[in-house]
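What follows is a single chain, given as structure tokens, in the form predicted alone.
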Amino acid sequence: MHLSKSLSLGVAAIALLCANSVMAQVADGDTSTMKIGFSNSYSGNSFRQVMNQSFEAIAKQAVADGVIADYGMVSANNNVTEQAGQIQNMILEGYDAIAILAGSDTALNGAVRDACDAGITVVVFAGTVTEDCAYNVNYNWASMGKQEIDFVAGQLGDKGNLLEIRGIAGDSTDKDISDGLHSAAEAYPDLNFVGTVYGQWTSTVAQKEVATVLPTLPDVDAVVTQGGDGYGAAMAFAASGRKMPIIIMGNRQDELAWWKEQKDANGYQTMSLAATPSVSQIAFWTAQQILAGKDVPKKVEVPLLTINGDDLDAWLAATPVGGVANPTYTQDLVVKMIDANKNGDPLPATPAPNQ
């Protein structure tokens, strides 16, 4: 019996070792003569500007390494007509693949179809288009809401009062995250939403809106958020003199710095999660791998960046003041994401800096 148990443990250990050592199935077709372009719908805020910088950094290195021949980047001023024209120009300029952050899920369909018909690989990311010839790289926003609810339920013993800070009314991402929050909360009947405000994903607006609604609310045990609003919420609670609730953070430097300050002072616990500007790098490597011959699903879900207490210091140290945590996505890690989507496996975690 002891021998059987030992054998079972040995087999399990070998299986775990094999699972951890699975290599990314990187396609090695020659892309050294090819060009990959990036069409961004808008570059007027810091998040989009870092997104451009992230794409350029990885593309420039790929050119230096001989992976591709060239790259190009264009941005429209939140004008889908202008963006469609820019995509048409990229078609004429002979790009082999175009990564697109679309200003509309329908208005670019004609340009996307023209690119596909010209034999160009189109990868739309951090949003969608309804033209089905394009590949789609995106987050599961509903999962963001579920992660938050599961965390606060665990911290609160499955019961307590929640304040929800939403993004921008009418935005599809705001709706998806909020729907995910409320759907996940159905599993915890003693978690109660006692208030909702719209923080527009900015600290200053969130602080003002939370400060306005707080006098009307009972005790709040946790604040569930959408990113960029956690620091403002913390400032509003601090000014009110109320007990500081659990506030989910959104990977901005001011949020991480405030969390560390509280953690060091009194053991404050929370978590932080959000999209990253460098999702543009995931789109780049997805396009390159398609060109190299890899079989890629038309829809590729990518992981949100989740920061826990154990890796808070590493991410804070790597995040510039005024910035947002922004990992570098390697070809190997992106291929693991693609393979996880193909095989129905859990998405690989994004390693903390210096790991």
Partner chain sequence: MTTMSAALAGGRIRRLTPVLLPLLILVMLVGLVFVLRPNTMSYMGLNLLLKLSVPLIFAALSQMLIISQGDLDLSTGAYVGFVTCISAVYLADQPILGWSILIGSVLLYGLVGLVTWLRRLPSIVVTLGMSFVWLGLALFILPSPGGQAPDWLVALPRLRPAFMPFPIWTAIVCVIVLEFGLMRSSAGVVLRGAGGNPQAMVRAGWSVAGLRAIAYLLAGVCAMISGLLLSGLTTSGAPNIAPSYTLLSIASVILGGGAFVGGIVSPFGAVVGAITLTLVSSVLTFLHVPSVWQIGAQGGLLILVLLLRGLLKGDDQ
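Just so it is clear, the model here is predicted, and its values are computed rather than measured. Numbering follows the first chain given and starts at 1.
Although it is not shown, the form predicted together with its partner chain is what the next lines describe.
Relative to its partner chain in the model of the complex, residues T202, T212 and S240 are all farther than 4.5 Å at every heavy atom. Residues within 4.5 angstroms of its partner chain in the model of the complex, judged by any non-hydrogen atom, belong to 100-108 and to none of the other stretches in 255-263, 148-156, 277-285, 100-108.
Taking the partner from the other structure, its partner chain in the model of the complex has no heavy atom within 4.5 Å of any heavy atom of D174.
Mapping the unseen interface onto this chain, S178 falls outside it, with no heavy atom inside 4.5 Å of its partner chain in the model of the complex. Taking non-hydrogen atoms only, T81 approaches its partner chain to within 4.5 angstroms in the model of the complex. Among heavy atoms of N89, some come within 4.5 Å of its partner chain in the model of the complex. Checking D190, E93, D132, D219 against its partner chain in the model of the complex, a heavy atom within 4.5 Å turns up for just one residue: E93. For the options N251, N138, S75, Q207, the residue carrying a heavy atom within 4.5 angstroms of its partner chain in the model of the complex is S75.
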